[in-house]
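Same protein, same chain, two forms; see structure 1 and structure 2 below, as structure tokens.
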Structure 1
Amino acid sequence: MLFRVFAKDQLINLYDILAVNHIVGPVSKGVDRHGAPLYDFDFIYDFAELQLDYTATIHSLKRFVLPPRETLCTFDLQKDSWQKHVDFNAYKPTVYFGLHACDINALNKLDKVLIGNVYPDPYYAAKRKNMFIIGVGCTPQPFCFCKSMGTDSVLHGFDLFLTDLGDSYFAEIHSARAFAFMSSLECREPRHSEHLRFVEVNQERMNRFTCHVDTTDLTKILDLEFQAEVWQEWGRKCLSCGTCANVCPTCYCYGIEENVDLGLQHATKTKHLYSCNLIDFAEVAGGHNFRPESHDRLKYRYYHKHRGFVEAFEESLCVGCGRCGQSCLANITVPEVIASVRGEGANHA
């Protein structure tokens, strides 16, 4: 990895160089009921819209790589022949400008399932390969527990990562494309004092984390507490609305719909994201539901994140962004659920 330092006024030049592509980044979306600013990822058409000092976005980047609904293919029948048309829905490179480490790590986790698994997803892979990612350092929020999940820093999955040193940016260059773009800016190798400042800034960020989850032997504890009464308690609270999966950067469960027109001349196959918390998620032909109770569905979501994925890939599927707890209409949060399963109170320092 190469390192460079450049003045903050050079950032607009980098944006202009990249603006020939689609650019997605954090933008302001108004304020909440308490007057706090709301941010979300969206297409950017002017550098002034880019809010790199954002706290956290409402939604993750997932909707750009795993759209809520996506047409996988269409079929057309003409006389004695039929044609199948497949569109990967990836037409132009897209620059993702300003991702925090947890969201980059979320993409890395999705890669393991949707690209590196036995049956890769070509629709996801096409979008992923057309991504240019610029990461930025974050300011930990009271609900962030990515430090506990080991996702507060990132070593791969990005092209360029920027750390704010005050009057300049410390750039970590991780790809040949990023190096080529940086060559067009007025940048230089960091001085020793800037190396020290980079370490200091990251230590200050680490010290700001106040929300923690104890992951020690968590997979074993989940096995031991599979029948624990606390799952019933959380199930009574859960509304089974699926909001948590909607905002989660790593939930990838989906369903498939096949629609044939009345003339039998055209058909469409559509994929739509789903949630294991929805009441009909485990319902099969004949009407039998393997998980009819809300506590079962909630429990299995946690077991997939913190047990099943760990068994398959030796890491949790959760990145600790805290979006699920912030969006949950029943105020269910991961730190509180995990702490209750461990027989503890929620650990908020």
Structure 2
Amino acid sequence: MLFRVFAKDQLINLYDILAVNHIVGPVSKGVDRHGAPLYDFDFIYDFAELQLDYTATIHSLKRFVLPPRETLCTFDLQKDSWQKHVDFNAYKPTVYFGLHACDINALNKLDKVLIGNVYPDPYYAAKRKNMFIIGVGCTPQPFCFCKSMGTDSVLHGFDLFLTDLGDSYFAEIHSARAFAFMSSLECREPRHSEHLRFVEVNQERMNRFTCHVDTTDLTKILDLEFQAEVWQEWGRKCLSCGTCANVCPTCYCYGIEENVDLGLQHATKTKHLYSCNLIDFAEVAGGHNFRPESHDRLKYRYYHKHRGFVEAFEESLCVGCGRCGQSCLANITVPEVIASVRGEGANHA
């Protein structure tokens, strides 16, 4: 990896260099009822909109790589035959400006199942291949537990990663194209003092984590506690609204719907993101539901993320961003649920 340092006022130049492309980044979405600022990822048309010192975004980046609704293909029907037209819905390369480590890690995890598996998902892959990612160091929030999930720093899956050293940015360059961009910027090799400052800044950040999840033997504990009473308690709270999965950067399950146009000559096949928390997720022919109760479904979400994925890919499908807990109206958070399953939380029966 190559490192560079550039003064903060150079950032706008970096933006300008990239601005011929579509740019997505954190923008302000007003304030919540307590006056706290809200952020979300959106297209950026003006450098002033870019809020690099954002706390966390409500939704993840997922809408850009796994849109909540996506047309997979269309059909033209003739009297006795039909044609299928496939469009991967990727047209433009896009710069993602200002992703935190957790979100970059989330994409890396999605890659494993959506690109690495025997059947790659071409719709995802097409968008994924057209990303230019600029990461940025974050300030841990009270709900962040990425440190516990091992996703508090990111080793690959980005082009450039910026760390705020006060009056300058420390840039990790991870791709040739990023290197090319940096060469049109006023920047230089970091000095030794800046190496130290970089380490120091990261250490300070490490010390700020307040939220933890104990993942020791979690795969086994989830198996052992499959029948635990706490699941029922969480289930009674859960609204089965799927919000947790919708805001999660790594939840990817979906449903398919096919519709015929009013003219009866065309049809479309649409994919829409689903959630394993929704009531009919595991319903099959004849109406049998493999997970009829909300606690069955809630449990399954944890089971998939913290056990199944680990078995398949040696790592958890959760990056510890805490969004699901933040968005859950019933206050169901990963740290509390896992603690209670481990028999530690206040909620343990």
Partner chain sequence: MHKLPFVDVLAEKQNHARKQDLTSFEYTFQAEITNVYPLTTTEKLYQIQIIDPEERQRFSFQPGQFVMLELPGIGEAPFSISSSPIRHGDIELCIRAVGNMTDFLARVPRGTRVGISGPFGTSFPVEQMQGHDIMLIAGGLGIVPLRAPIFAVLENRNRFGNIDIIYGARNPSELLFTYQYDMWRQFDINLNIIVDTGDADWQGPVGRITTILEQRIAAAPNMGKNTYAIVCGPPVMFKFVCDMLLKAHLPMQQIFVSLERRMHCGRGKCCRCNIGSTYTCLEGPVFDYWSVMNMKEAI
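None of these values were measured; they are calculated from a predicted model. Here, residue number means position along structure 1's sequence, counting from 1. For the two forms, the rigid core is made up of the largest set of C-alpha atoms that agree within 1.5 Å on superposition.
Chemist: Please match the form predicted on its own to structure 1 or structure 2.
Modeler: Here the form predicted on its own corresponds to structure 1.
Chemist: Please check if Y119 moves between structure 1 and structure 2, taking a CA shift of 2 Å or more relative to the superposed core as movement.
Modeler: No.
Chemist: When the rigid core is used for the superposition, does Y91 move between structure 1 and structure 2 (threshold: C-alpha shift of 2 Å or more)?
Modeler: No, shifts by less than 2 Å.
Chemist: Core-aligned, does L77 move its Cα 2 Å or more between structure 1 and structure 2?
Modeler: Yes; that C-alpha moves by at least 2 Å between structure 1 and structure 2.
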